[in-house]
Every structure is written in C-alpha cells, then in structure tokens.
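Okay, so here's just one chain, in structure tokens, the form predicted on its own.
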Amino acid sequence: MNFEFSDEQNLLREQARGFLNANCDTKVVRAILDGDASYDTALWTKVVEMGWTATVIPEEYDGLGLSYLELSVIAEELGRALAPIPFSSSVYLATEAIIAAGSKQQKEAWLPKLAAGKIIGCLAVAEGSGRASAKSLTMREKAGALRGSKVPVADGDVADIAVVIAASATGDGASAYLVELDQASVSREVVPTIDPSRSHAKIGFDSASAELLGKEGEGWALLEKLYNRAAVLFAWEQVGGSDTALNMAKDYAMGRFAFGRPIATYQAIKHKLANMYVKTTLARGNCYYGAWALSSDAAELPIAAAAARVSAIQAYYFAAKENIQTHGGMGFTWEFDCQFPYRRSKLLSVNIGSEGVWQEKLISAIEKDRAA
C-alpha cells in the first residue's frame, strides 16, 4: 500500500491551493462572519465551475468519476482556506448517501444536479441536544410524509434537498428519506453556532412529502457507513485547517519582536510551534491511511476513519488554541484572524459526532478486528 499521493494528485493540490489563495482569503471568511449571507455564493459558483462537486460522482451521472484520493486533496485545501461554502454537507454527506443507497431513478434525478451545483444537499439527523441514536429518533414517516423537526442541520437553511434519518418500526430502527425542501410544509430557521461562516438551521416538517432512500429499516446502517466515509474527508479538512493555524502562529512569531529578537527564538514559543507541528503531522499520517482505506473500500475503513477523525480533531483544536496563545493579548480580539481556525476547529469537532463518539468507534472497531 502507498500512503503518498501521486504526481497528478499533488498537481491537483497545487492548482486547488492556488485557486483558493486567489479566491478565498481571510477577508472572504470575515465577510460571511460579519454579514448576513449564509455562504459565499461567488466562491461556491467558482468551486462548481472547477468541477469539485462532481469529483467522485460516476461519469454516467455527469460526474468526473475520479477517486476519493482526489476528493481528499480537495478537502484538505478547502479546510486550509476555511472556505465558507456548503461543500461538505452537499458532497461528503448528501451526494454520498444517494450514491450509496439511491435507486437508479434517484441517482439519475439528483446526482447530475448535485454534480453541476444546481442544487445543494444536506443531512438531517439530530433532533436537539444529546447523542442521536436509532432509539432516540422521534420523527417518523407516515403515508409518504414526515412530521417533526431536525436541529441542528448543517447548511439546512440553504440546501435544496435533505437526506433525513427517521424512526422505523423495522430493521435497525431507522430509515433514510429524500425530501425536497422547497415544499410549503417545510419550515426553516437559522440557528446560531460558534462558527457563523458555516450556517446551521432548524428544519420543521409538517407532513412533508418524502421518498424512501435505500431499504426500509436500514437507515442507521446507511448512516454509519456514511459517517465512516465522511470522517476521512472531514479529517483532511481539519488537517488543512491545523496547517493554517500553525502557519499563522509561525508567521506572527517570526515577525513579532520582544527584547530585540523575534519571539519565535524563545523556547516557550518554539515548543508551542513544535507541538503543533507534531500533532498535525501525526494526524496527516492517519489521514493518509484513511484516504487509502476509503479509496479502496478496504475492510479497515472503520478503524482508519476513526483514527483519522480522532487525531484530526485533537490536532486542529490544539493548533487553533495555541495559535491564539502565540499571538498573546491580541490573539483573542475580533480584529485578528486567529478566531477563524478556532471557530472552525470547534465546529468540525462535533459535526458528525464528537471526539468521544469517535474514540468509542475506534475502540469498537479494533476489538471487532481482533475478534475476527
């Protein structure tokens, strides 16, 4: 097995980084944070034109038919740029759910639109605070309609379709449904989060028309599969963001002088930067393992995904926190950009399950592997 990206994939990385450097600097992130817009529509349009939303969608559905290695490269660069767009919700979650469980008719209806960026998708699971499970779900389908609410839903305020996980009386206790969100029976309300550059919403369903996705009673199994795959891509985003925090801290430390010398020359600062680098590098190693397992659909994916997710959560939060500390008394102020990676690190640490959830998944996956 080879954990390095190919020359073509590294070229894609260079192109993606150059594109995002030109189109997504911190001023773009700050504009979304300070303004009323849910995401940067101009950046989203350009990302769609680059073909990134179509990366792993099969060619028969108007996608590019590339591998998850290419998508991992793109995910890292989007994380590095702190891109304020609904890419992860639409690509890692909604698109993946339809690829994994959709019928031929559903794939023909939705995948070309998702590939072309004509619609945005999201995933609706949680129904409030606390850990969601198949047993805790209260939303149910009756006669092809859903009643209840989901909150928080990442990008739920801007999405056109949602993959909704609802309770089921059969199978694993849950089923997945496709819901068009432009129905009069669907209401949406923006909810505040620690990172306003990635919007979240409460979505209400009042007998909203829904279409079964996959088989009845297999919704939770689909969700677990979906999370394992998305965890790798989110981990790459987190590693990219961790790199950004590290570079922000390094650049500031090298340019900030105290007692006639850069603060980067002082042992306390050097240790901070070194620890940030070590944690980020370890997380990147786990991400390479995860990317390999995801792209090859390996049996080790549950272990690889959980390892990547846990290490990336830890690395990103540590780097974002230490970046603020490196900047000293100015680091926590609104005028400085240190808040951007910190906010994103906290948001991404819980979006598909917290660190504790993924630690449990890692332990369970290792125990299952040893017992096999």
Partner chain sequence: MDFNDTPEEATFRQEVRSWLEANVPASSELEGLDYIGTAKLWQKRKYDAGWACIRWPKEHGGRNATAIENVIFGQEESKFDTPDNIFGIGHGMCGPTMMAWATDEQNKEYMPSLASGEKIWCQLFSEPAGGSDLAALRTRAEKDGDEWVINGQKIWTSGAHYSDYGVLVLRTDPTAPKHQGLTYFFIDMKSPGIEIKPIKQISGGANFNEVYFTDVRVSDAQRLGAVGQGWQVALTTLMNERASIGGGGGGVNFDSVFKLAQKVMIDDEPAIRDKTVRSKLADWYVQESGLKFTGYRSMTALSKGEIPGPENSIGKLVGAPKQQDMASFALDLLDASGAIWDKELSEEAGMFQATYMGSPGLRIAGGTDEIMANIIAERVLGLPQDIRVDKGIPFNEVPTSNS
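These figures come from a predicted structure and were not determined experimentally. Residue numbers count along the first chain shown, from 1.
Keep in mind the form predicted together with its partner chain is missing from the figure; the text below concerns it.
Shown without its partner, this chain lists Cys338, Ala307, Val29, Val47 as candidates; in the model of the complex, only Ala307 has a non-hydrogen atom within 4.5 angstroms of its partner chain. Considering its partner chain in the model of the complex, the lone stretch of 98-106, 250-258, 157-165, 215-223 in range is 250-258 [heavy atom distance within 4.5 Å]. Although the partner is absent here, Val125 is not a contact residue: none of its heavy atoms lies within 4.5 angstroms of its partner chain in the model of the complex. Using a 4.5 Å cutoff between non-hydrogen atoms, Leu43 does not count as a contact of its partner chain in the model of the complex. Although the partner is absent here, Gln314 is a contact residue: one of its heavy atoms lies within 4.5 angstroms of its partner chain in the model of the complex.
Contact annotation for Asn228: none of its heavy atoms lies within 4.5 Å of its partner chain in the model of the complex. Although its partner chain is not shown here, in the model of the complex the stretch 276-292 places heavy atoms of Tyr277, Val278, Thr281, Leu282, Arg284, Gly285, Asn286, Tyr288, Tyr289, Trp292 within 4.5 Å of it, in sequence order.
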